[in-house]
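Below are two forms of the same protein chain, given as structure tokens: structure 1, then structure 2.
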Structure 1
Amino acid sequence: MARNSCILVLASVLLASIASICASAAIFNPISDAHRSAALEFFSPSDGSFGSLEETYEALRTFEVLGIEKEPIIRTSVCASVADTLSSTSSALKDLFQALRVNRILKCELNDKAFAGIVTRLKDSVNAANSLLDFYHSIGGLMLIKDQTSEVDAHLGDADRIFRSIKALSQSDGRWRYSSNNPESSTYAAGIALETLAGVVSLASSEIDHSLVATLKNDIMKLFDGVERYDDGACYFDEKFVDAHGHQDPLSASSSVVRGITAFATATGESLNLPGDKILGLAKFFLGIEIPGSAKDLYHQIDALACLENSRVSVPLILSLPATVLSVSRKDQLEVRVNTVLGFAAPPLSVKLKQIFSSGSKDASVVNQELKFDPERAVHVLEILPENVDVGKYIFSFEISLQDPEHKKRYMTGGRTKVPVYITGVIEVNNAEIAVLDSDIGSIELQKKLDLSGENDVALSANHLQKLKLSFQLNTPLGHTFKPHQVFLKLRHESGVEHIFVVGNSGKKFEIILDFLGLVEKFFYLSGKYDIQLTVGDSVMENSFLRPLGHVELDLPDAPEKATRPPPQPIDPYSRYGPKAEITHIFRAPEKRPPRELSLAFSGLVLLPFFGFLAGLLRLRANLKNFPRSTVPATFAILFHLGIASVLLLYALFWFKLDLFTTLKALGFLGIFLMFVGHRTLSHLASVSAKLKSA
């Protein structure tokens, strides 16, 4: 029990220290197989479909990015639904758009005529559109058709005018309104608008006015000025607008903006000059979510990361550590992995360990050590830890430098990456001793050496005029003094009363002196045997221990009248669920039985009168002459006797196994039979005797 609670305390200390470090540095892992299995779990088709076309697109897009082959299962049914939607003249603009999006991935076989009809419809709706979503769906649809078929001309003639009418919905802070009569602005809408405008640019039959593009770039910069930032470097776009569809969360808003800017950068072919740390921050934001809780969130996360990975803006590279807990005792090597956000290999680069911050102090030691690349496992290895790295919590600062200058423009490494690292090790315990001192002069009465790495069982005795002294030293593998989180000395009286003391350290030594004179009151004047237990624990100490040292026999003065009583010991809450005392059942003692032989003898004896009866019958010359001779009465007489015999047999069966109801039922039938034959037999006998009499 005490051991368990101590382990709990150690664990919570570890968690608390992890949490405190994560505030300044954090690890972001790229997309892994965990996301793939999560995707398969979230998007599982029922009855050959994923639900609506929008959900189908989200599922297919997520699978496409993650490289999961799942199309053939649902292809037939989804393609039928796509064809239905596209050929119907009454389907909504949004459904057309979703159907085209699904078709982009599935590439269903559709005829160009259908496309031609849709293109006219979409172009009409572009001209008639007055809300952002109408523009988005119709221009998005045209874009998709342009990509899917070359037969149909999807180009827009008056792109400038459309561009301007969409731009008219933008706000001064870079966000957008959904429609001109709705004053609320939204970040999610900004992303949609950027994506739509990118579509307009690529659909334009003639070059778009360059000043329009320039103002839009300005808008994007303003939008990025409003980005929110976490302590760990993750950036996101907050969404304050609440529309009819409900609140769009930061994830969908950020995802939408990322889609918008990457589409725009691709369409215009220009550099947007966006701050690299913000792009990297966005990537960190998406990765920091790890595995989202819903299918929609997973789609937003994966789609946005895929846009970042393939964008012309800049591709973020993510530095991650397979293990952040390293043991100096085991001589673990520091490994660093650099990937793109989707977990693909990064271009040739080198990783340098630049600085090491110790968690305790602000100052950093500059290292500037290059990590060795292991091409087989695609990790960068720091073979030997820097000399001054002892056990403890550190923040390692890495710098990624790309080897190819072309890559430097394209990839975004985000300067230095700070990663929390735990260095653990076996702590050496030295010079441990326990002593009883005389109070007045401080002379040593009794001193014993302790081996804190093994078992100890010292037996001490002291009175209230003496002192107990415990001292030991803790050294790290590098020989420095180690100060663990927890150093506790516990004295436990036989009655269960516990006293815990914190062992302080003076310089190199941990020492505690218990002056019993001052502690008499605290000990409730309880004399007797006290068990001594020492706890030394830290999250980076591999050999944290909780060890009984032995006991001390205390002789304390008698308690005065007014002394406080020791508190009642709490009942162990686990004992309530523990095994209860075994229930012993008291059975009635078996009755005394006679010896077997005696009972058998009497069974035989009971038969004797029967034989006597038979003998008597012989002596009286009893006979069966009265038994009817002629066939019919004889039959009835025999049946009568058989009937009586069967009733007796039935009784015997009743005794052995039948119950009363079965017996009575059978007895009823037998009784009627018996009455009938009995009546016949006896009346025959009566008539015979009457004849005899009369004769």
Structure 2
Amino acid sequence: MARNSCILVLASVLLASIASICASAAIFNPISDAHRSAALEFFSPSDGSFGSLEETYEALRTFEVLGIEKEPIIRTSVCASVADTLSSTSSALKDLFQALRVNRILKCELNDKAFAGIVTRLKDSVNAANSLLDFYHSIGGLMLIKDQTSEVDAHLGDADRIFRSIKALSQSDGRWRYSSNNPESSTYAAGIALETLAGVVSLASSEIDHSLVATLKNDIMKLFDGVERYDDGACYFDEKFVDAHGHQDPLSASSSVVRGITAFATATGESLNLPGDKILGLAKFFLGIEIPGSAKDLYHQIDALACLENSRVSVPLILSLPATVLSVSRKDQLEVRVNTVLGFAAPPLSVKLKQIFSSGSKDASVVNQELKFDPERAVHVLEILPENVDVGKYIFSFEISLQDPEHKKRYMTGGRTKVPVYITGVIEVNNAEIAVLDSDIGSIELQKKLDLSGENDVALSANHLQKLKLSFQLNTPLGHTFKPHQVFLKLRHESGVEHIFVVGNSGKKFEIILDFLGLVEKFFYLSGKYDIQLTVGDSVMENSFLRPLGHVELDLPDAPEKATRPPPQPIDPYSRYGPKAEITHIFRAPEKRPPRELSLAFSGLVLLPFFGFLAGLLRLRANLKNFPRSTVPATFAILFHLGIASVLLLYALFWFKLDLFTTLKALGFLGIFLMFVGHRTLSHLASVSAKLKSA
């Protein structure tokens, strides 16, 4: 129980410290090779295809953003599917839209006549649309055709009316409805609507009424007023609406909104004046997911980050640390990288270390030190840590400053970035002593020095009227007192019963005194040898150890009749299911056998009556007239006699070589064979006998 309680207390302390750090700071890393490996694993073509056209586009779009070459492998089969879908008059609007999206990436060989027929159908669908998805697929298809060919006119003549028809589905909070018949609003639908309206602006044959664009910009601001935020600065859009399309999680909803606002900003060419911290928070949300658990989630993540990378809104810059664990003993250097969300190089900038917060303290030390930029490795380096940084957990606050004023309009740094950093080091263990004290006056009966960095094997003895004292000091590389998370002293009886004690600290010294008089019941009055083991450990302590110190012989009084007995010790599974002791068996010596010549002579005497029987048959002129003379009956008769001879041979083999099971198996097959040929032989003899009697 003591051991379990210590572990629970330690776990709660560790979780509390980690939670306090993570609540205020977090590490966000740009897209890396791990995402490319995940994409190759999630999007694996089967028979030259990724599945449906929608799944194919998601795979190709993910590969396109990550720079993975996969087109030649699936190009033939996918282009054939695209051509069939676009040429079919029965294809749904969604299928046409997905086929055109796939064709934008693969650039399949399609003629302009095919596009002309599709444009007419899509324009008719726009005029007859009564739901947001119909508008989205029709206008999105026209946008794709406009980008893929200049020979077909995909422009919309009545763009203002279409814009107002779509805008009528908006809600006061910035969210949108899927249709006028559905009163429920959706964040995911808002992203689709913004992307659709961006297409209307791009396809308009004349300029859209500016008041409509201004109203929509106001709706976007309302939508961003409802963004959710984590403690680490990550922002996301939640989705509570559930319809026939299923529930959209925060990842898909946030990705839809990002696609919508970036498409609308690109189409209008105007600034949306969105809060920069929320744009950076969305980037942190997507990056904080790290590697998603499904192919669709990976597509939403990568596509949204690609939109932020190339948007006219704001391009977020991500500060990351290649290593968040630094050793003061090895004099590690602090390195900082600043990249775009997709991992590309950032514009010229400087990084300053502004403040350092110690774990568990609200006070911060002001540093204001600029990091040196290494152009070869594209990292900012802090060569020497500040003097007041010792072993422990810290939060480093960095500030990014862009050098070009024009870049400040395009890139978003988000002010100060807080990152958790762990400073480790080798802890010095000094003045380690173990002693046996007299219980009355506390005088030292026996005292020995310990070398906690090496091997120890002290031998102590004590009775229930004495005490055991252990003390030592822990110092950091800078000479400060170090307080680790784990300091345990364990005494293990030779019967397997263990007792664990937490070693407390008083000032600069760790010390524990075990009064055996008060522990006799806890020790179950068990006298004998107790092994002593000390555990000292911490996540920032490079030389954590679990070290045996020796043993102590305890002489405790006899247990009273009603004393608590020690708990049964768990049985070692290796002793129960492990290898057993080898069993040695001496077989009985074989009995003496007769000489070989005598055995052969006896075998000859046994066979002699058989040969005599054959000779007697010849001598007595045995009647063989009933032996069949026709070919088929004679064959069965010969096989019957051969079968009987085989049975006799099998008996002989059983006697000399075969075992019982093999013999019975062979005898079973021979018995079936004999029954068949014997029945045919006897049937022939019976028919011959019946003919003779009738004659």
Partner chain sequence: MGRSTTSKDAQALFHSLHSAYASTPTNLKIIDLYVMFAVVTAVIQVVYMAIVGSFPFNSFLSGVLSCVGTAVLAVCLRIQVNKENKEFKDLPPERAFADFVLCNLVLHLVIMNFLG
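In this text, rigid core is short for the largest set of C-alphas that superpose within 1.5 Å between two forms. Residue positions are counted from 1 along structure 1's sequence. Keep in mind that what you see is a predicted model, and the values were worked out from it rather than measured.
Of the two forms shown, the one predicted together with its partner chain is structure 1, not structure 2.
Core-aligned CA deviation for residue 375 between structure 1 and structure 2: less than 2 Å. When two forms of a protein are overlaid on their rigid core, residues whose CA moves 2 Å or more are considered shifted, and residue 524 is one of them between structure 1 and structure 2. Residue 222: CA moves less than 2 Å between structure 1 and structure 2 after rigid-core fitting. Core superposition places the Cα of residue 495 5.1 Å apart between structure 1 and structure 2. We note a C-alpha movement of 2.4 Å at residue 544 between structure 1 and structure 2, with the rigid core held in register.
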